[in-house]
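This document starts with one chain, in the form predicted alone, laid out as structure tokens.
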Amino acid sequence: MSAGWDADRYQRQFGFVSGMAGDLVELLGPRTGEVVLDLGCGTGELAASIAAAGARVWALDSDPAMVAAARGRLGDDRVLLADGHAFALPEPVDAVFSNAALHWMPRPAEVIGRVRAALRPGGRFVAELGGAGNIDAILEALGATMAEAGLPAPECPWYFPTPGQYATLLEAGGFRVARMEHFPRPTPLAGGPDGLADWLTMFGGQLTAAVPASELPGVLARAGELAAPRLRHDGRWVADYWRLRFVAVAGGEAARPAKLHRQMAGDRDR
């Protein structure tokens, strides 16, 4: 995760990020006695759920505020402050879990390499991240607003891959892809009329870094006007999320890429 998070506000206004991941924890299927890493753990809610199932959990995040919040849930000795591109664990793990964090890590091959190094042979990597098409309407509205204002086009700080792109990286990194899904998840935003502006303030600081502070409120308001026809429904903002979810297994024989990806993604793989 990026630096400078307000962990308390994140928990209050954007708790849906963890709240929508219950079935991802079920897909992980943590078992009593196994060791699991939550990569990009945020405030530690999902890591706590995994621990409650009987697993011994390590949690890792790159943001000090998120790590402090997670340590309040899990204990100081179980939560590591580290970069997902370059971490090492005190022991091998049976599974690596990640929710809504991998798209913040722009060098995915490096992340996958560290995950593979952390896992025991046959260990599983279960994750969900933003996929291709994620927040396209938000990015388009903000880009048009910046162009109107004569400001530089925003540079997307995230990595939103297609299923094929990420599966190729996993296979090159020593994994067999067992499941790969790409699907829309329209997501209601908290905050009423200011929901999109609040979302951009929390998550989009890098997008608006070139906007002078005095102009930022106007830029956010105009982006909302342009995005409203696509994203505002019955008075509520709904973000155009697309998610990429996968299960991969460390080691073993090579996967059958094209056939396997079609079977796993089915009609959702667009």
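Only a predicted model underlies this, so the values are computations on that prediction, with no experimental measurement involved. Just count from 1 along the sequence shown to find any residue number.
Omitted here: the form predicted together with benzoic acid. The next part is about that form.
The stretch that touches benzoic acid in the model of the complex, counting heavy atoms within 4.5 Å, is 96-104, out of 96-104, 73-81, 174-182, 116-124. Mapping the unseen interface onto this chain, Asn134 counts among the residues with a heavy atom inside 4.5 Å of benzoic acid in the model of the complex. Using a 4.5 Å cutoff between non-hydrogen atoms, Arg245 does not count as a contact of benzoic acid in the model of the complex. Using a 4.5 angstroms threshold between heavy atoms, Trp199 counts as touching benzoic acid in the model of the complex. Benzoic acid in the model of the complex is not approached by Phe87, whose heavy atoms all lie more than 4.5 angstroms from it. Interface residues of 142-168, taken as those with a heavy atom within 4.5 Å of benzoic acid in the model of the complex (partner not displayed): Trp158, Phe160, in sequence order.
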